[in-house]
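Given as structure tokens, the chain that follows is alone and in the form predicted on its own.
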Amino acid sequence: MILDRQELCGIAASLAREAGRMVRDGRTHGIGQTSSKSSDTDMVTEFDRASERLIVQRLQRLRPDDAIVGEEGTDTNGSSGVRWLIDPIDGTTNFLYGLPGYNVSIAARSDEGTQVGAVYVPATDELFTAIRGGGARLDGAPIHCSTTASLRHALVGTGFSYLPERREAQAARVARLIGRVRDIRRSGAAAYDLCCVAAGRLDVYYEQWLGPWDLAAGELIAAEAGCRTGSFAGGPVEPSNVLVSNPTLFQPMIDLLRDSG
């Protein structure tokens, strides 16, 4: 299968920006319908659904033979070998409270892995993109991960589950490791955190229990920016546990995560 990655990246970027601006502008008029998903604190709004609907409709017109999977329920089969992963609002709680960290994340995958990714951050009007083998960019300019060489000087990002029992265990881990790094940041949006590692705004990011749509675009952007990506054990990255850092800090962070339980 021959893929035009430039075309796919252009589509992902255009749709992420269009959907992101739609939800940003729509929020100024207030949020109407909301409901919960995995727990009573895991929210979905009318704008999550509207964003996914917009992206899916555009993709079905532009790429009718592709498969599409979205966080809010879209799951369509395709025959082209391309599958889109959509997070229509990553960081819905931020969006709900008017905080800036939410984003729209879109990736295209094939049997060989993620081929392109785009993450648009409406509050800052920033667009992160990557093409497999072609590097990562922020608003068209190349980006690269940090060169921080010591965990003691590393700014570390993480996130917490919506399930209270998991969140308590994750908080206990933070308490055990926070004295061994520069500090901890928690933006509340996984795709944005991954892009921050790609751009050198964070040195390390780790999290558990993500969805594939949370991870796909941001992980490619980080990898193409020079980051090392994997699991807490150093194997291939997986949604259940994700570790991303500059190459120097990857193994020390594995050791620290193991030591912190």
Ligand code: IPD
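Predicted, not measured: the structure shown is a model, and the values here were computed from it. Numbering starts at 1 and runs along the sequence shown.
Another form, the form predicted together with the named molecule, is not on view; read the next lines as being about it.
Contact between G159 and the named molecule in the predicted complex is found at the 4.5 Å heavy atom cutoff. Of the heavy atoms in D214, some are within 4.5 Å of the named molecule in the predicted complex.
In the predicted complex, the named molecule sits within 4.5 Å of a heavy atom belonging to T92. For the chain shown alone, R186 is a contact residue for the named molecule in the predicted complex, at least one non-hydrogen atom being within 4.5 angstroms. Of the listed positions (E224, D66, E52, E207), a single one reaches within 4.5 angstroms of the named molecule by any non-hydrogen atom in the predicted complex, namely E207. Taking C145, A107, A190, V121 one by one, only a single residue has any non-hydrogen atom within 4.5 Å of the named molecule in the predicted complex, and it is A190. Stretch 160 to 168 is the contacting one of 109 to 117, 73 to 81, 160 to 168, 134 to 142, since its residues have non-hydrogen atoms within 4.5 Å of the named molecule in the predicted complex.
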